[in-house]
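As a starting point, one isolated chain is supplied in structure tokens, in the form predicted on its own.
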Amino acid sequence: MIDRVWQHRVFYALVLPFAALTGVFGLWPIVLSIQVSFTQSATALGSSPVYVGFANYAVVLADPIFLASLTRTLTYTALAVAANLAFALGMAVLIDSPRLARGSMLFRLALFLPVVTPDVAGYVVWRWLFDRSFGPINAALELAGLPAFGGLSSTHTVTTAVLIAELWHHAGFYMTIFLANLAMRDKALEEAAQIDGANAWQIWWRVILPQLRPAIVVNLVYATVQFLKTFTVVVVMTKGGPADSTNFISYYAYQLFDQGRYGEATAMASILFAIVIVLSLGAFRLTDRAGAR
């Protein structure tokens, strides 16, 4: 009994400092942001803010630029989550394969290195790569006699260019989580399936993939949150252009905040925060139901 009490005390002694830091630097700024969203912009950061109720939310929800930005953000998030998780899972399966045993460490390092590369530095390089005038990508296409890639200067290709840059930066993280889950799977089940006459596809679909559900859940939620708040890549590479085609909610809210429209900017941030919570909980519910079947 005494040992259990001491275990609880040690646990809380270790957890409380991190919980306090999370509260001060994580939860408290969110609460303040939501509070500012109910105030008049001119007084929002003053000592005596004037509260206007849901007026800022009404303005935001009636703003066609915001509504277009919301649709654009949700569409981009769906594309980015699907592309990153599919690529990460494919790379994880490839690296986990016995055929790649000798070079697996090199592949792991190559794919994870972009994750620890500073965002701004990486996106500056990608902006140079996609440049239509002197970028290496179009230079190579020209040498090969292929049409030029519009890159960041065309509304038809800018989303693809941003997706590629984000894939390069984030996919290695999701791959690592998939690899960890693959390492913990029960390989005896695969051997049993082989004995029963299952082919490679049946083993993958019926035996391996169900065991990857924890990694899929974690990656799905994290990627959804990550791409809903896409910001740095837009600031560095596109500035919301061309023709507002990459003007996502985070960047639009940043523009309003920079103009002193604090109430509307934080109202947008609060709406985005609510969407993140709803979609994350929805992802957990869907995966839990799938696992229960």
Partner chain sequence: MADRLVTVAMYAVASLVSILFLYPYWWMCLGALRTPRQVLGDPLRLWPEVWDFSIFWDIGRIGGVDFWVYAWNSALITTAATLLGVAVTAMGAYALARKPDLPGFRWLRFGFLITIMYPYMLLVIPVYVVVFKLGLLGSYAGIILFLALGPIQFFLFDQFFRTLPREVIEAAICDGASEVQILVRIILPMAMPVAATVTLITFLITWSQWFPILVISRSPDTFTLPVALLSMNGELGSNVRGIMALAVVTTLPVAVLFILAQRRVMAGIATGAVKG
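Here the structure is a predicted model, which is why all the values come from computation and not from measurement. Residue numbers count along the first chain shown, from 1. In this text, the rigid core denotes the largest set of C-alpha atoms whose superposition between the two forms falls within 1.5 Å.
The next section is about a form of this same protein that is not shown, the form predicted together with the partner chain.
Peer 1: May I ask you to choose, among Arg213, Arg206, Arg108, Arg185, the residue with a heavy atom within 4.5 Å of the partner chain in the model of the complex?
Peer 2: Comparing distances to the partner chain in the model of the complex, the residue within 4.5 Å is Arg108.
Peer 1: With the partner chain left out of view, which of Phe227, Phe66, Tyr254, Phe38 would have a heavy atom within 4.5 Å of it in the model of the complex?
Peer 2: By the 4.5 Å criterion, the partner-contacting residue is Tyr254.
Peer 1: Thr176: heavy atom within 4.5 Å of the partner chain in the model of the complex?
Peer 2: Yes, Thr176 is a contact residue.
Peer 1: With the partner left out of view, is Ser97 within 4.5 angstroms of the partner chain in the model of the complex by any non-hydrogen atom?
Peer 2: Looking in the model of the complex, residue contacts with the partner chain include Ser97, since a heavy atom lies within 4.5 Å.
Peer 1: Quick one: does Glu191 come within 4.5 Å of the partner chain in the model of the complex, counting heavy atoms only?
Peer 2: Close contact is absent here: in the model of the complex, Glu191 is far from the partner chain, nothing within 4.5 Å, heavy atoms only.
Peer 1: Please check if Asn199 has a heavy atom lying within 4.5 Å of any heavy atom of the partner chain in the model of the complex.
Peer 2: No - in the model of the complex, heavy atoms of Asn199 and the partner chain never come within 4.5 Å of each other.
Peer 1: Specify the contacting stretch among 153-161, 191-199, 139-147, 71-79, defined as having any heavy atom within 4.5 Å of the partner chain in the model of the complex.
Peer 2: Checking each option against the 4.5 Å cut-off leaves 139-147.
Peer 1: Can you confirm whether Ala19, Thr22 and Pro29, the three residues that make up this candidate site, all sit within 4.5 Å of the partner chain in the model of the complex, judged by heavy atoms?
Peer 2: Answer is yes for this spot.
Peer 1: Could you pull out the residues of 147-161 that have any heavy atom within 4.5 Å of the partner chain in the model of the complex?
Peer 2: Residues within 4.5 Å: none in this stretch.
Peer 1: Against the rigid core, is the Cα displacement of Pro64 between the shown form and the other one at least 2 Å?
Peer 2: It does not reach a 2 Å shift.
Peer 1: Rigid core fitted, is the C-alpha displacement of Ala274 between the shown form and the other one 2 Å or more?
Peer 2: It does not reach a 2 Å shift.
Peer 1: Taking the rigid core as the superposition reference, indicate whether the CA of Ala243 shifts 2 angstroms or more between the shown form and the other one.
Peer 2: After core superposition, the displacement of the Ala243 C-alpha between the shown form and the other one stays below 2 Å, so no.
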